[in-house]
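Presented below, as structure tokens, is a lone chain in the form predicted alone.
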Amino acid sequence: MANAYLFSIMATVAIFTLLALSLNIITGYAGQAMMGIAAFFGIGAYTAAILTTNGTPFLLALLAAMVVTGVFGALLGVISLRLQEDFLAITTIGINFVMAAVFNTLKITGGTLGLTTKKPEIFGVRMNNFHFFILTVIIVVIVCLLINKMRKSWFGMALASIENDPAAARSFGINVSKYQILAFIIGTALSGLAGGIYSHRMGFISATDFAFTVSIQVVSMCVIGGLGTIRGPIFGAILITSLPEILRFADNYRALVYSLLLVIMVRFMPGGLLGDDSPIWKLIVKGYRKFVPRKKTRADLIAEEAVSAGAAPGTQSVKQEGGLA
């Protein structure tokens, strides 16, 4: 019984880790103020739940959830081209409230009664919390590897330049609009995948599962952990998802706790606890380098050779000038 409860928490942590990583692509790497990720989380959840209820295989339903949510993300990406920063944030907040109302109204989504899903089967095995945890962890690992590869690619460098200064990126010939839309498509598709897994793990979903407070929760994960990194959203998801279990006695004040954490982080540590500029992360790296020195790259060796080669003639010339004097 204890193991079932533990894996239930771990499965939830894994799902929200995937959701936080999806938001991080849009906000952390592309620099877009997305405040309504729960709406796309819900679109993916309802899409997968409706399809499996009508006989579609679970894995195929997850793929369909990604496609449907990615299409909605593309539409939001197009809208975002005319909106910047605060206006985009307000727009995505509004989308979250609108979608929650739609989920609460449509007959196909169960309306106010919600929608019940059956535990799916994969290869003849009916999934439980342990299986959902393993499946989601595998997906998270794959996503992290792809994000790491993305960061080193032309696409990742383009997103980094857009995040720093869109106008400067345009001046270098980068198609800012295209990359922003692609970031929205990828991020929302992953949030839809997380939603599809969530709906089947829970066995029941309703509009309240995708309310604006859930978006704030996911934003808190990224901001507290560290935007623009892989480790940040993972750490933030583990911390924020585990807090309700630790602070169960203060369940009515959960939103207040998240808000306070956000304000404290933005005021005193805007880079997050494990962001690149975080004192905590720098201390961790410094301690790690004491035991595992950084391997010198070819660029480091070339720089050292250039410095040593330039020092000798300089020293000789000083001596010659001294002798002449």
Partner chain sequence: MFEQQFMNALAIGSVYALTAMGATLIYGIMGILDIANAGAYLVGAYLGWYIYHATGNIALAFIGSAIAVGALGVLLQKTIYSPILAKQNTLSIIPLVAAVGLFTMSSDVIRLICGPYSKSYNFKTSADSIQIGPIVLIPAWILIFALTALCLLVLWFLLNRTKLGLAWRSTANDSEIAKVCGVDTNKSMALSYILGYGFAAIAGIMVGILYNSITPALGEVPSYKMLAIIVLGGLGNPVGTVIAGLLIGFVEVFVSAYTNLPIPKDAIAFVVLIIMLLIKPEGLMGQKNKM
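All values derive from a computational prediction rather than experimental measurement. Residue numbers count along the first chain shown, from 1.
We do not show the form predicted together with the partner chain, though everything after this point is about it.
Only one listed stretch (191-199, 132-140, 94-102, 113-121) carries heavy atoms within 4.5 Å of the partner chain in the predicted complex, and that stretch is 94-102. Checked against the partner chain in the predicted complex, the residues 60, 260, 292, 283 give one hit for a heavy atom within 4.5 Å, which is 260.
Contact annotation for residue 89: at least one heavy atom lies within 4.5 Å of the partner chain in the predicted complex. Contact annotation for residue 33: at least one heavy atom lies within 4.5 Å of the partner chain in the predicted complex. For residue 181, no non-hydrogen atom is located within 4.5 Å of the partner chain in the predicted complex, even though that partner is not displayed.
Interface residue remark: residue 71 is not counted as part of the site for the partner chain in the predicted complex, having no heavy atom within 4.5 Å. The partner is not shown here, but in the predicted complex the stretch 162-186 reaches within 4.5 angstroms of the partner chain through a heavy atom at 163 alone.
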